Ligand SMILES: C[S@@+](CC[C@H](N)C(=O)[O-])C[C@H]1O[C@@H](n2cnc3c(N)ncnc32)[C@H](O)[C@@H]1O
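A single chain comes next, written as structure tokens; it is the form predicted alone.
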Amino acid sequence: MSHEDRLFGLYVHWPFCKAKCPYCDFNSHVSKQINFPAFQAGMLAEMRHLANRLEQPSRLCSIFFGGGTPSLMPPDLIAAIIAEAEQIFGFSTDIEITAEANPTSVEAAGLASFKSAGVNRVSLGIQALDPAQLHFLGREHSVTEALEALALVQTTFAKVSIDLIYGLPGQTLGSWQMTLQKLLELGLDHLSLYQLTIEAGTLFHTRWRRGDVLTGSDDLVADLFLMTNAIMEEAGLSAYEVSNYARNGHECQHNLNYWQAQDWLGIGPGAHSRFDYWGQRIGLVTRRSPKSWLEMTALNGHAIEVESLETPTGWASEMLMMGLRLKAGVDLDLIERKCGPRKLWLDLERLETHLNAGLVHFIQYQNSERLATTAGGRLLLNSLLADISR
């Protein structure tokens, strides 16, 4: 892939929330006092510093405001970051600019100012449409408030996505089916539907270690996954990635950057950057603590704490791990051109075993042959990746 063909995105991490959800392992913090001017100065400085690290900056095809809760950011801060990004990099004609938001009435109403600032896509973290499940997940909104916020956002933005979590204790196939059908009636073009996982460092992890049952059984979760795929496919929303469903043309461009192992810069506390530099893969990570991040950016113009140069094998593993999440799969020839002969990073014997078992297959996509998982393979994706990667 030529330099001009590569995708390039900017990720902006806003690390603050009103409350910490018990399942969340993201870098998020609760703070009543936030120095917004200092964060603006730090983010703009860090963006400029990272731009200077690039071999040849491309035009941005996406900006993603994640968190934390970006809908709590002042609109003028959003506008300043977008304006600086356009000044430094330039924008593609169809740039996607996404902001994550909680579905509360106050935050939904404020998103009109985000549109004026340049945001053109919103991802709402609804997570559940059942009062008991919302309480279990530690969410602050009600079902009614979530649906009202979604309706308001849909009148403001042409592109809207929602997040939901399934595989909760006590959840049934019937209740999840009703939730999906209710949402599909609202005409959504993109849904992110995630299985609940228990992550280290979360309140749920502490409870899980005490013996609390916090997820459905493995068999039930597998059935929920297969049913979800069938319902969404029938409704015209393809599972273009393991947990993401979209009508054609409504896929999340920024996340496609990640899954296709392309280039992005990350600014803000705990943000990651990954980009190719003269044939090598560079990884950067900024300081996680918001306070320390502010101090470092004020002193150095950036808060990069970790810098790594990926080995060819590590780079190949990244492309395999991310690409096999996609329905379109991964181009092994492309990996070979970047990382060397496939026998160095791919266990060909184990791959043949999984091909024969029907867990992976080769498909034609955009004039190239790609390795992709089947529906059965996606159920076993983590173990499959561990088995075929060297």
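Worth saying up front: this structure is predicted, and the values here are computed from it rather than measured. Residues carry their position along the shown sequence, with the first being 1.
Separately, the form predicted together with the ligand exists; it is not shown, and the next lines address it.
Peer 1: Given that the ligand is left out here, which of Met319, Met73, Ile165, Ala85 has a heavy atom within 4.5 Å of it in the model of the complex?
Peer 2: None of the other options qualify; the answer is Ile165.
Peer 1: Taking the ligand in the model of the complex as the reference, which of Asn244, Asn257, Ser161, Gln127 has a non-hydrogen atom within 4.5 Å?
Peer 2: Only one listed residue qualifies here, and that residue is Gln127.
Peer 1: Only one of 245-253, 232-240, 97-105, 306-314 has heavy atoms within 4.5 Å of the ligand in the model of the complex; I'd like to know which.
Peer 2: Result of the contact check: 97-105.
Peer 1: Judged by heavy atoms and a 4.5 Å cut-off, are Tyr23, Gly68 and Tyr194 together in contact with the ligand in the model of the complex?
Peer 2: Yes, each of Tyr23, Gly68 and Tyr194 comes within 4.5 Å of the ligand in the model of the complex.
Peer 1: Within a 4.5 Å heavy atom cut-off, is Arg281 in contact with the ligand in the model of the complex?
Peer 2: No, Arg281 sits far enough from the ligand in the model of the complex that none of its heavy atoms falls within 4.5 Å.
Peer 1: Just checking whether His302 would be counted as a contact of the ligand in the model of the complex - the rule being heavy atoms within 4.5 angstroms.
Peer 2: Heavy-atom contact with the ligand at 4.5 Å: absent for His302.
Peer 1: Test of understanding: in the model of the complex, would Asp212 fall inside 4.5 Å of the ligand by heavy atoms?
Peer 2: Looking in the model of the complex, residue contacts with the ligand do not include Asp212, since no heavy atom lies within 4.5 Å.
Peer 1: Does at least one non-hydrogen atom of Glu295 fall within 4.5 angstroms of the ligand in the model of the complex?
Peer 2: Answer no; every heavy atom of Glu295 is more than 4.5 Å from the ligand in the model of the complex.
Peer 1: Counting only non-hydrogen atoms and a 4.5 Å cut-off, give the residues of 198-222 close to the ligand in the model of the complex.
Peer 2: Contacting residue: only Glu199.
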